[in-house]
Each structure stands twice: as structure tokens, then as C-alpha cells.
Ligand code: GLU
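Form predicted on its own, single chain, as C-alpha cells, below.
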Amino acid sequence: MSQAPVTRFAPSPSGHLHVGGARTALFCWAYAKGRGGKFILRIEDTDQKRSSGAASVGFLKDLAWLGIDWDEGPEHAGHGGGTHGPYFQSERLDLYNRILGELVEAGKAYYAFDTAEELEARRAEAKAAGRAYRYDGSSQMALPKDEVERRLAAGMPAVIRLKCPPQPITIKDEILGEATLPAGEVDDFVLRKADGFPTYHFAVVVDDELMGVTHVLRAQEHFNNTTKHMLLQDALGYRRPTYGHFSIITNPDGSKMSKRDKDKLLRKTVVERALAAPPAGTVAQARWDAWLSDKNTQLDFEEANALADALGIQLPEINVDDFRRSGYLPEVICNFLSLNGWSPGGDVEKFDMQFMKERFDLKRVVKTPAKFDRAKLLNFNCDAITGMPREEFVGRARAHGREFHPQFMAKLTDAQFELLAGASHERSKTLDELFRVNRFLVTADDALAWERTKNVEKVMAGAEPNGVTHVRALASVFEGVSDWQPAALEAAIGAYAASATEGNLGKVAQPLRVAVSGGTVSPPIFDTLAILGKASTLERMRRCLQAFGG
């Protein structure tokens, strides 16, 4: 093996990148790049039921956003290319078929014509007899060559299976240690399916060899596959790479982080609100009915997000794209993910990708499942946002808004947005928070509604002078304000507060905030008024007085 390691990340394109897959990619990237090696990306798209071209692009986009660049792989956003392509397995079928033919010709693999019904009957028979099922390929291997060729020429469906020798297999894992599987435990497994596509087991072994992969670092769910891969490597005369398997990432309660978490929250909300029909512009009625009638049916990505927006709920982030949409920073995601299963030691928690490359090793990777602490991640993100220069926050918030909140951005001028972002910087935990909590700014004046909570009622009602009194008086004050900027507004409101409340600005600012925002939370009131403009401010105050009987 080369001294410089070569690692790879090989996802199946079945949707956006799960955070568990992102962590695997990050660890593989750091291990190779920190040792002067190469990190390869390839797409394992031989499962036609799970794969799609759009999903492949999603994976590439997610990795590029995280800053995980690949030395070889599909070309995307300035990354990719290389001498070992193609990097989509579906484009390597001729190569796989040639190697499969050589295996069959050498007597190390064989065609099997068992039907699905025959295999199921044998499994049922083994279960009824109380014994473990083991595939017996003796009848298939006994078929004469001319009979095999006749059946293939007639178009009979067939798979190709590896002839597994009855020998114990020992896995030496850099993370989990050594484990031995007794002889006879591995069936003659399938290398090529009846649809003509290779199985994961075959394609991954061939690609790892031909692409020079020295270290196979992947999730623990693949640990049991390793014996099959080692048997196939022996049959093909390939070297055995170094193996390491990472623990899974779970929710804090130990449950698996799954996109079904989103579905559960959506269903719970729909049931609690007794919705018989989907909110307008979210899900088609027929699709809605099918979803509600079958718990195994899930809405697609766009449908789920549209429904969540209409319901006013925040779906749990599971995939990298979820966190991107929620306004998390890519460098924070990478920092946090690296701590889910690895530690640099020395109580160090905050670091960048360069630090990760320099310090990552397999010795400090833990074997037990890592629990994904969302509260800690949010704190990490808050620290990073509030700690960055004001200009950087405004720029990153603007880019986020243009991508995910274009309608919001279209209603504010550049100057208004800069004022809003600047006023929101120190209180923002995510880039998205600015848009979610300030929707009142882009709501039409005649569509603004007021919360009738205890806090709002406390602010607006009560003994004179109350909130309504102050809003009515300030409306008259504002009529005479010509310089509608934060400093001038602060002076006008301050002067009124000095005479009406003995300088208690809070007694004036809070009812004013309710009047223009509909609730008790907004950016600093002077900035809020400046962003809204004089006409909108006065119109909202007028409607507020009507709503509260003033």
C-alpha cells in the first residue's frame, strides 16, 4: 500500500445527505487530507429503486456546502474529475461484467436460476424446522455449461453468486478491534442481480481496488458486510484495505435519527388540529388522503416543508440540507459532527477544518453510539454568529435570505435589510431566525393581526395611562417627525417618555412594539420603526387602537 492513505465516501443517491453520512465523509476526508493522501467520492447508484440523478446532485451540493472537497469524483462546483472514473457505478457496468465473466470462467462464481418463490419456500421450510437458513447452491453449480448457456439465451432470469469457501474469516478493525466469523457462516451471496446490475458488495470491492483505496472507513452498519468483501477480495486476488467502522449517531433518547421524525411531527400536528384538508398550496388532496390513510407513506421533501411552513412548525433537522435551510453555519456543523464520535483531547471543543485535518486519528474514535445534542449545536451556532464581524453576518444573512426567503427579501430595500440584520445580529442563533421572527415586517399593514395573549393584554390594558394611551399619544407625536431614522425616532420617543412616564422608556416602547409587530418581540423598537417606514407605522398604530378599543 502507498504510504499516503486513500479514503473514499460512497453514498447511495436516495436523497439529501444524512448527518450520519456527512460525519463519515468528514472523518474519511480528514484522515486522508491530514496525511497527504486523497479523498475520493463516488456514487453507488446500482440500486435502481433508490437512486436518482437529482439525488446525486443533492449529495454533491451538501458536501460542497460543508467544505468537504474531494480529490477525485463527479465534477461539481469546481470539485472532481480524476483518472479512475467514471465515478457513478451505473456507468461502470461494462467493467463489472467483464470481471464477473472472469470469475465465472475461473469457477469462483456461478449463475443461479432460483426463483423468488423457490427461495422463499426454502426459508419458510428452514424456519418451520427451527434451523437457520443457508443458501445451498449445489444444484445450480451442478448445471452443465451448455444448459446454463441455453437458459441464458432463452432469457431466463438469473443472478451470479460467489462460491464462498467454508473457512473462518477474521476482521481486523482499527476502531472495533478483531472479530472472527466461523467457517460456513457466509452464504454464496449475489454479485449481480437479475436486472443486470451488480450488488453493492461486488461493486464496492471492485471500485475500492481499482481506485487504490487503502482505508475503508464507514458506518458500523456495514461491519457485517466486511466478511463478504474479504472473501470476494480473495477470490479476485485483490489486496485487503484497512478497515474502520464508526458508531451510529442517535437522538438524545437513543432512537435512530430518521426522516420519519419529521413525518411523526407533521402527523401529530395535523391530528391535534383536526385538519381534514391540506392547507392551500401544500399537498394535493389525493396525496393528502393517501398519506393520512397509511402510516408507511411519507410526504416528499418539498411537500413536508410546505406543510410545516403552513402549520407554523419547525421540523427536526435530519439531513445536511435541513440544517442549511434552518440557518446553521457549515463550519459549525462540521465542528459539531466531528465531536459526535471523536475527540481531539485536552477539552478542546471549538476548532476549524484545518485543525481537524491536523489532529484527526482513529485512536480517539469512540465505539459507542454518539448522541446528537441539538441544544449544544444551537449554542455552538449562536456563539459563531454573534462572534463574527457585523459585516460578515449581514452578508451571510442576505445570501441565506435570497436563497430561502426570496419573498421576504423582495419587500425590503438593501438599506432596510442592512438595518434589520445589524439590529438582529447579537440576538440571532441561526441565519434563519432573522426571517422567522420578523415576518411582521413584510406582512401587509391591513393583514397584521395582534396576539391576544396575557402578555399582550397586560401591555395594552390596565389602569390609565396604559398601552393604548401611549400608542394614541405617540401617533400624534409621530405625525410631526420628518426625519424617520433610528436616532430621530429615539429622541422623539425619549422626549415623550420623559414627560409621560418619568423617563421609563419600557412603558412606552413595549406597547409601541405590540402596535407595529402584533406581539411583544421585535428588534430594537427604533430600528423596527425605521424599517417599517412612517406610513406603515402610523397605519398599524391606527388599526391597533381599533383592535384594542382605543
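Note that this is a predicted model, so its numbers are computed, not measured. Sequential numbering from 1, following the sequence displayed.
The discussion below concerns the form predicted together with the ligand, not included here.
- Partner contact region in the predicted bound form: 216 to 224, out of 179 to 187, 369 to 377, 347 to 355, 216 to 224, criterion any non-hydrogen atom within 4.5 Å of the ligand.
- Taking the partner from elsewhere, Ser12 is found to have a heavy atom lying within 4.5 Å of the ligand in the predicted bound form.
- Contact check for Asp62: every heavy atom lies farther than 4.5 Å from the ligand in the predicted bound form.
- The ligand is not drawn, but in the predicted bound form it has a heavy atom within 4.5 Å of Val204.
- Contact annotation for Tyr200: at least one heavy atom lies within 4.5 Å of the ligand in the predicted bound form.
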